[in-house]
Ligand SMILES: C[S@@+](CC[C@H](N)C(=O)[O-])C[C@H]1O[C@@H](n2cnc3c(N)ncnc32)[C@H](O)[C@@H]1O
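Here's a solo chain for you in structure tokens, the form predicted alone.
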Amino acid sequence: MQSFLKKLEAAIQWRLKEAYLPPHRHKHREWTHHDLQFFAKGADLLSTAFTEGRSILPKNYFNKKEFRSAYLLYFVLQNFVKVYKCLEQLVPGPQSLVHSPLKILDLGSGPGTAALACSVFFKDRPLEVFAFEQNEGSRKDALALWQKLAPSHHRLSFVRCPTPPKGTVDICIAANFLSEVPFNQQIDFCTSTLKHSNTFIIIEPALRITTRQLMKLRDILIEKKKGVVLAPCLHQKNCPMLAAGPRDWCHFYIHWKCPQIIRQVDQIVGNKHDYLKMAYMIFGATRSQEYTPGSLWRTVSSPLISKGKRELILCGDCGFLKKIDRLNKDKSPHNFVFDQIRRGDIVEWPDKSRVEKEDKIKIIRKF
């Protein structure tokens, strides 16, 4: 993935210069610091709007070139990694025939971020992506990047409605899309989508209100038996974090090697992207038996370090939360793995709350 990120970064710079710079700025073919500053103004405003409230943006803001170009500059690389991380959670993955095209629906595709992530992830499979995007400028950006980066055996086409053109798709992806649908309409929307998709990936910003709505939506869909949750949850019971109180929300961190162009914009706008935050939910028709239930837990907190101990909060396949700790005096070669556990990791651990000197804890899968 890292090598493709460099190609995508170069392609974004090319597209920005080709489609968004004024004619008098075209004399410099290489990407310059002046180009970066030209587009960073819109990136700063978008970043603020996406974290503090979109009401500061005009309606249909992607109709304005300064916002489309800023999104290309600052958010495509970030969202590419988030989609790719969610695709990694699909184990064992879509079960369609290897030689038949894998069909994917990208809702609110923007400049084709999720489509490109699928193209890289499924690089050895025939692939057909149906993209739903209402903004003509974003469709042109998506097509330009796709033609530059996607292999010839992968196809991209645009659809007019947020539904598959024919039959069922293997994967439907709604990245930063569902939160723009009123919550009272999300249940019907997701129910309809799950009827036509074997797997439904939802990605949202890791904001408390948005994420807790996604957690609530998860509980409703499971209660109504509209599908099952494949990830991040290891169970099909009500969300214990949602029931515990209004303070917490289930979100995750992706550690990555931040691209240079993101670092440069960060320096201008005052942000920092050593890691990416996201909330996500993956639904399917049935749940695979990848793990044997009984003692598996998803880590849903970062390490909580206080005087004399280290703690983690886990969400189990039993459907409840548990806080486990290890006292500093009990640290030993037997339990050193406890120091390596990060938010999102799946671990195997018996039903006890303290890690002792001789206890072994096992990481089943890194996030």
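Bear in mind the structure is a predicted one, so any value in this text is a computation, not a measurement. For every residue, the number given is its place in the sequence shown, counted from 1.
What follows is about the form predicted in complex with the ligand, which we do not show.
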property	result
Residue contact check: residue 62 to the ligand in the model of the complex, 4.5 Å heavy atom	yes
Any non-hydrogen atom of residue 168 within 4.5 angstroms of the ligand in the model of the complex	no
Contact flag, residue 134 vs the ligand in the model of the complex, heavy atom cut 4.5 Å	yes
Exercise: residue 176 in contact with the ligand in the model of the complex, heavy atom 4.5 Å	yes
Within 4.5 Å of the ligand in the model of the complex, all of 71, 110 and 113 (non-hydrogen atom)	yes
Partner-contacting position among 193, 211, 199, 79 - heavy atom within 4.5 Å of the ligand in the model of the complex	79
Heavy atom within 4.5 Å of the ligand in the model of the complex - the one residue of 124, 223, 274, 180 that qualifies	180
Option from 251-259, 235-243, 147-155, 125-133 whose residues, in the model of the complex, bring a heavy atom within 4.5 Å of the ligand	125-133
